[in-house]
Structure formats: structure tokens, C-alpha cells
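The form predicted on its own is given below as one chain in C-alpha cells.
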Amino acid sequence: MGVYILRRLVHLIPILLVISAMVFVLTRLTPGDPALMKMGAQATLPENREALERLRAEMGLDKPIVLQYFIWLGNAATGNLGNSYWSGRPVMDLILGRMPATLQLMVTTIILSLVISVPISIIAALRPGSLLDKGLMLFSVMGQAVPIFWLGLALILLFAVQWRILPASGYVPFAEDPLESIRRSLLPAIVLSTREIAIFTKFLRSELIDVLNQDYIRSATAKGLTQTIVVRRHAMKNSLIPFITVVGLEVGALLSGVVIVEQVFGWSGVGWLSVQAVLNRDYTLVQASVLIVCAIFVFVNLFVDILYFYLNPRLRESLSQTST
């Protein structure tokens, strides 16, 4: 297993290099000059032209883009992603300061999605074609089709404005006030989990139906095992192996949805910070936040691959035979 993990880690290096190059070049190609943004209205005055050029030189914007990339990559390899053009603070401090809010929202979303999707997937798989099954599949299609920002605004109007059950926006650190932090995370987590519940339910239901039609399931039922034991010990055990892969991929996909939801609900996480950086033309902060989000996505998939390798004995056997 150690050889497999090492091999996967080596494969990550070119992936991260390509991601870093794409992030850097695409950020530089966006319209706007960070030096102009930093100087403000004073940059348009003729007497400040030399000061503007000096500022661009200090920010490294006067160098060729290839040289800028390798300088940035060398600094990033040591953990130095630069300082924010707008605030002057190290971007790592800004991102790490917002990361707990984003992680809390993502963890809440995944837990809520799994708690709801797994039971209803089992119910739908045990009664395929029933009215309940058709209703759940209709919800699955609707959950994937409804835009996140529209659903967020609709829930704010319903739960915060009309019923006044939950707060409309804002983030409270969990360590500061756990109960209030959970209350404020419910609405954005519900919005994010709607799509995840739909995807998880649709996939796990299909896997369970396929597994329940296998010969060994019929044999277990013929031996007199109850439906609960058959589903828990046999069907779920084999269906969860591919399902874990889907969950891992959706954790990465959540990072893109978090950007929209954090903006709608004023949830001051990494997504909200990234939007502010784009609006302020803060190239350094945009590059660092996108790079870190992409790195998280890559490492989450690495963790899922390792977990899949651990849970699937046939994969371990095939790899061991290949290595020998």
C-alpha cells in the first residue's frame, strides 16, 4: 500500500504544476492593472506616471510573464504566496483566517447530505418503480436543476424574512458561540446539500438496485436472512465502495458552490474572500485562493483513491500481481 500511495503522490506533482501555471496565466490575462487599482485616482495624473512605474516594478509587473511565474512558483514552493495588493497582508494569513468558516460549511453540508440521502436511497432501492421511488427521483432531478443562488435567495425570504426562524446572513465562529454558529450555517448548508442529496440519492439507489439483483443476495435471502441484515451486511457494503468515490468528487465540487453561497449569505469564508479579491483586482490573493482550492480538490481525490484501494480487495490483489 505504501508503494501505491507514493506512486499517487508522484503523479500529483505534474498536476499541481499545470494547475499553478493555468491559474497564474489566466489571472494575468484578466483586464485591469493592480498597480492602477492600488494607487487609485492618483494614478491617472501625469505627474504620477513615474510613481506608477516604480510601483509596478515593486510589484514585479514589469517583468516578462514567464519570469513572473517562475519567481512566484519558487516563492510558493517555500509557502510564501506573496502579500495582498489591496491590504498588504500575507495572503496565506488571509486565507487561513477564512478557512475555518469554509470548512465548517462544507462539513455541515456533507453530513446533512449523507444523513438524508443514504436512508432514502435504501427505501427507494427496496421499492423500485413505486410512487415513493418516482417521487424521490423527481426530487433528484429538481435538486440538480435548481440554481444555487435562486434557492438561497428563496430560503432567505422564507425562513429569515417571512418566518424569522433563522438568520439571513453572517458568520459566527464555532468556538465563539457554537449554537449561534450552527444556526447561521443551516441555511447555506441546506442550499448546498440540496444538489448533493440529489446526486447521492440517484447514484446510491442505482448501485443498490444493481447489487440487490446479484446472485449472492438471492442466496443470502434464501438462507432466511432478514431484509435488514441483507441490506446492511451485503448490499450496502458493496455499494459503498463506488459511492465513496462520488462523495469525494462532490466534496471537490462543493468548493465551487461555496463561492456562490458564501456571497449570497455573507458567509465570510474563502469563497467570499476570493470574490472580494476579484473585485479589487488583487491578483496575488486570487492566485493563492484558487491554487489552494485546487490543491484541496486534488488531495481530497487522493484520499478517496487511497480509501478506495483500502476498501476494495480486488484492486489490492490486481496491484500486487502487477508489482510482482
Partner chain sequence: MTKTQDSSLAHSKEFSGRPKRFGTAQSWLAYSRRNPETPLLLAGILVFVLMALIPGVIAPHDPQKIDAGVALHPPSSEYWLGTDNLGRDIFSRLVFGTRIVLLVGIGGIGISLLIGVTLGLVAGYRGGWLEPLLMRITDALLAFPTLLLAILFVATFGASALSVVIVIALGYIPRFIRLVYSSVLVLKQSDYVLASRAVGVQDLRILMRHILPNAMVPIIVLTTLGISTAFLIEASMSYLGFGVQPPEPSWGAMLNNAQQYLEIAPWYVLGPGFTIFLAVLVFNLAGDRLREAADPKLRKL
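Quick caveat: nothing in here was measured; it's all calculated off a predicted structure. Numbering follows the first chain given and starts at 1.
This next part talks about the form predicted in complex with the partner chain, which is not shown.
Looking in the predicted bound form, is the partner chain within 4.5 angstroms of a heavy atom from every one of 19, 27 and 141?
Answer is yes for this spot.
4.5 angstroms heavy atom contact with the partner chain in the predicted bound form for residue 202:
Looking in the predicted bound form, residue contacts with the partner chain include residue 202, since a heavy atom lies within 4.5 Å.
My question is simply whether residue 311 lines the interface with the partner chain in the predicted bound form - judged by any non-hydrogen atom within 4.5 Å.
Answer no; every heavy atom of residue 311 is more than 4.5 Å from the partner chain in the predicted bound form.
Going by a heavy atom distance of 4.5 Å, is residue 268 a contact of the partner chain in the predicted bound form?
Flag for residue 268 set to no.
Should residue 224 be classed as touching the partner chain in the predicted bound form when contacts are defined as heavy atoms within 4.5 Å?
Looking in the predicted bound form, residue contacts with the partner chain do not include residue 224, since no heavy atom lies within 4.5 Å.
If we take heavy atoms and a 4.5 Å cut-off, which stretch out of 98-106, 115-123, 143-151, 171-179 is in contact with the partner chain in the predicted bound form?
Heavy-atom contact with the partner occurs in 143-151.
Quick one: from 73, 244, 186, 157, grab the residue that has a heavy atom within 4.5 Å of the partner chain in the predicted bound form.
Checked against the cut-off, the match is 157.
Residue by residue through 282-311, tell me which have a non-hydrogen atom within 4.5 angstroms of the partner chain in the predicted bound form.
In sequence order, 283, 286, 290, 293, 294, 297, 298 come within 4.5 Å of the partner.
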